[in-house]
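Subsequent text provides structure tokens for two forms of one protein chain, presented individually as structure 1 and structure 2.
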Structure 1
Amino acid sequence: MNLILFGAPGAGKGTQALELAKSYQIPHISTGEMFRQAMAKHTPMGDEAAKYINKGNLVPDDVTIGIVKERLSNPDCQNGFILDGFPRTTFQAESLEKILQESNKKIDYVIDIDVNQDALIQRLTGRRMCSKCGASYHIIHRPSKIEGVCDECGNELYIRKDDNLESVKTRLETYQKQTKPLIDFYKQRDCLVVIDGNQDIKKVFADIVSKLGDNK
């Protein structure tokens, strides 16, 4: 199954993608996480991406499409994948269609996790992340068992540089202007599924699984 997890920053894409990847045994591909790893290693691409990401702006399309194309060509994507945070512009969505067409594939579902704006700001400014396994926590909604330590792998948790209020506001504006129009793009392709993301994490997961059906 080829899935896109769609939604505003903080909607819960990463949280749900990690669980879906385990449940459906398909890789979770997060462009944001790929950029953060490159930034941590200070690769040329990572240093370039940091200039955009830390301010809450989108990384240029050519860079982003290039890393996704390469990642999708890996053998582990043959039986399906979960894209999280990609596509984010109409050009990226059109490019993805072309990349998939080259290997006779298509997107089966675009899962739009819909969350109200106030909740998004609260979720992002209270988020804590694990740099090792990518697990995401929240100081109120999903605290780790030991403060500052990942439940999954024991690594130290950190606060993302782009989770400060100023960057969060820019990211939400960017989403409205550049990414939200993709909802119509995927409605036209008849693969959009809207999920109420204002519910608790387990209920959101249950709703997604019920929409996907037994396509494991």
Structure 2
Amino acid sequence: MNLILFGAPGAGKGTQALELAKSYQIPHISTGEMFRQAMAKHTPMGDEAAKYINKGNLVPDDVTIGIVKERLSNPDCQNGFILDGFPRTTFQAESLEKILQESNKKIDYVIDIDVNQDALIQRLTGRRMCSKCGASYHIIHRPSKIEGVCDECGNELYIRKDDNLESVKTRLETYQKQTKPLIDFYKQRDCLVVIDGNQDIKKVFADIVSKLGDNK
């Protein structure tokens, strides 16, 4: 089963993708994590991506599409995959269709996790990351035992540059302007499933599985 998880930054796509990957035994492909790893290693692609990500803007299509095409050609994607953070524009969606058509594949379901904007801002500006092990926390929903200190390794927690209030607002505005049209794109292909993302994480997951049915 080939899936796309869709929604604004902070909607919970990554969390749900990890659970779905375990449940359906297909790989979770996060373009955001690919970019962050490249940025941390200061690869040429990572440094280029950082210019956009740190300002809350989208990475250029040619960089993003190339990364995804290479990843989907790997053997572990032959029985299905979950895309998280891609596509973000109709151009990327059309490019993805062409990539999949080359191997006679298609997207089976696009899951739109819908969350109101106030909740998104609270989720994103409250996120904290470990500077060493990469563990993720939230000052309200998942606080560390000691403020500013990682429970796992004891190192300092930090706020990602793209999680400050100004960048968060820019990211949400960019999403509304450039990515929202994907809802209509996938509605036309009759594969869009809308899920209420304001609920508890476990309820969101249960609703997704219910919509997908017994396709394991």
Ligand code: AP5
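Computed from a predicted model, the values in this text were never measured in an experiment. The term rigid core refers to the maximal set of C-alpha atoms that superpose within 1.5 Å between the two forms. Residue positions are counted from 1 along structure 1's sequence.
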Checklist entry - Is the form predicted alone structure 1 or structure 2? => result 2
Checklist outcome for this item: Two rigid segments pivot between structure 1 and structure 2; hinge position among T31, G80, T125, D112 reads T125
Next on the checklist: If the larger rigid part is held fixed, by how many degrees has the smaller part turned between structure 1 and structure 2?
Outcome noted: 26
Checklist entry - Y158: how far does its C-alpha move between structure 1 and structure 2, core aligned, in angstrom? => result 4.8
